[in-house]
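In the block that follows, a single chain appears as structure tokens, in the form predicted alone.
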């Protein structure tokens, strides 16, 4: 059973984040947490061609949309804590882009909540990505992927059952 009183944190920021510190915030002093699931998305170098990935967003709108999905996860699964951090700006390969942490008494709820949130962050959060290439050629805007849309659709189909 989901716990609609669970609090969550949503941040959109230029600065990097510390996965361990964020995890400790969710678990310090808690005896009801039996599972912690973290997902950290990193910037890839795209075969050595990428200098940076630039992420743009609408301040306020991005946080509101992510918060909407966070509340859906809280309402759907018995999670005890949730943190979502998404960076913006120019991010070089190897650096963090996104963090999702879900805590719960049991592993399945934490895994599913984190998976749900990543699917919707990839498909519906208002971020735009532009690749800046090492050869200084004009970068290209990254298009949405059909596979990401298919991943997100399964949560809608599952909820309808």
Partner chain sequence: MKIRYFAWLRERTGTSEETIELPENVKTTGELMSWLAARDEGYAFAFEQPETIRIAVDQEHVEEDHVLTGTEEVAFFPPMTGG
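These figures come from a predicted structure and were not determined experimentally. Residue numbers count along the first chain shown, from 1.
Beyond what is shown, the protein has a form predicted together with its partner chain; the following relates to that form.
| said: Please determine whether residue 142 contacts its partner chain in the predicted bound form, using a 4.5 Å cut-off between heavy atoms. | reply: Output for residue 142 is yes: heavy atoms within 4.5 Å of its partner chain.
| Does the 4.5 Å heavy atom contact test between residue 111 and its partner chain in the predicted bound form come out positive? | Heavy-atom contact with its partner chain at 4.5 Å: absent for residue 111.
| Using 4.5 Å between non-hydrogen atoms, is residue 15 touching its partner chain in the predicted bound form? | Outside the cut-off, so no.
| task | May I ask you to state whether residue 106 is within 4.5 Å of its partner chain in the predicted bound form, using heavy atom distances? | result | Residue 106: no contact with its partner chain in the predicted bound form.
| Between the options 59, 47, 29, 94, which residue brings a heavy atom to within 4.5 Å of its partner chain in the predicted bound form? | Of the candidates 59, 47, 29, 94, 59 is the one lying within 4.5 Å of its partner chain in the predicted bound form.
| Given that its partner chain is left out here, which of 37, 52, 125, 33 has a heavy atom within 4.5 Å of it in the predicted bound form? | When its partner chain is considered in the predicted bound form, the option within 4.5 Å is 125.
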